[in-house]
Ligand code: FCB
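What follows is a single chain, given as structure tokens, in the form predicted on its own.
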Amino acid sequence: MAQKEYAFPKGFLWGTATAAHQIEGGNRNNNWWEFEQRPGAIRNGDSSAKACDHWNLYKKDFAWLTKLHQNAYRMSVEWSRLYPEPGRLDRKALDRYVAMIDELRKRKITPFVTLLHFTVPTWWDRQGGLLNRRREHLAHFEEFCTTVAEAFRGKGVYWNTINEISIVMLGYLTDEFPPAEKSFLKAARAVNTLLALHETAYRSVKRALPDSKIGLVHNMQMVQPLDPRSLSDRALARAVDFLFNGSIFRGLKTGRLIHGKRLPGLRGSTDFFGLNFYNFMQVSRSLPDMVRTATPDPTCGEEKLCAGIGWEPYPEGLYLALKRVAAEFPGMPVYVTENGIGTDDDAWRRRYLVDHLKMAHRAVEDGVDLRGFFHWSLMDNFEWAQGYMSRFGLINMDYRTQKRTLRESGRLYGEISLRNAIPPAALKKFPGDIYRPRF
């Protein structure tokens, strides 16, 4: 029997994704840096103080993109670097970001720029942060977005407004994100503010660059009732799915915020959809904290769950997530803006990559307008509350020496990017069905 061909559409974008705070080093003026100073907040007491020193080594890091045959790269611009104080622009920092974009363009790499990837300036956070939706408060973000858009004019940038509203919200549901408060009411308020910030970014960039392509990045949580026969489990799953997914979709389609009020300009405020996908969650009031992200006896083994975070891979979930986005937003272009696993087992990372790309290809075959895939991440980095424990990189980082070493998964991804297809050798090495959790 002939081996199935897993070739992707012509012009498909292959890239990696990063975030400023996780790789740059030196970002000490935002809410995450402040959160890191809390005893016990970050695993092993790790600090983002130097991270990957990308702020100084970006040219060397971008050289890896060329070696890996990538034609796209997703990065973020750190708001607190450009505006360390209200209304005061650091032009040297802005010039450095412009130089980064120019370096990417020189290498014929399409930049995807995220305007808010988890972090906000400390001064803005102290003025109410995500619980303050007053116009004058949001105007600071508008100023930042306009500044970046105008600086990147004519540079072929695709824009991501907010990264993962549903994950930022966890700062009001868990103690692993700032401000580490637990309040469903505040979580809902934070979602509303983040939707308003998305609308602000979309409007600001469109005003400066009318022909630009702008999209929200959403982390799809595949929510399942622990016991499908249980009425309470099914009801909880519907409620959690609305909080994490449905409220975002509804906002983009109707302009309604989570409490039902409408925000002028929110409806239709995305030109493409950025989908991040990592995991499933099973919910039940019988579970500790009402949720679990791995089955009790995973067939891959406990050691192959995402390090520090405990996610069990669910490749089919990527297919289901892509199909849902296509159903929610018919005809809209979609990019997988993040997908990857934190592990020290690089053979498992390669299997994970192949399995998920098989499912991405299946979605394309079924009519999803998927135009690109960004692996998380280019290199190991500061993985928020997990510190440096959870290694997602195609490139291994030695944080003591700042030495970068390409992993075999990086070589594989480079070959996929070059071929625009999963190479036969990888299909032979990782044959058969995809990994499936035993639900």
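Quick caveat, the model's predicted, so the values are computed rather than measured. Don't overthink the numbering: it's just position in the shown sequence, from 1.
There is also a form predicted together with this ligand; it is not shown, and the following applies to it.
Comment: this ligand is not present in this chain, but in the model of the complex one of F329, Y172, W311, F272 has a heavy atom within 4.5 Å of it, namely W311.
Only one of the listed residues (H137, R350, H117, H361) places a non-hydrogen atom within 4.5 angstroms of this ligand in the model of the complex, and that residue is H117. For a residue to qualify, one of its non-hydrogen atoms must sit within 4.5 Å of this ligand in the model of the complex; all three of N219, N276 and F392 qualify.
At the 4.5 Å threshold, heavy atoms of T16 stay clear of this ligand in the model of the complex, well away from it.
Proximity of N163 to this ligand in the model of the complex falls within the 4.5 Å heavy atom cutoff.
Residue contact with this ligand in the model of the complex: E383 places a heavy atom within 4.5 Å of it.
In the model of the complex, this ligand stays beyond 4.5 Å of every heavy atom belonging to F374. Shown alone, this chain has one stretch from 243-251, 208-216, 276-284, 101-109 that lies within 4.5 Å of this ligand in the model of the complex by heavy atoms: 276-284. In the model of the complex, this ligand lies within 4.5 angstroms of a heavy atom of only one residue of 322-342, namely E338.
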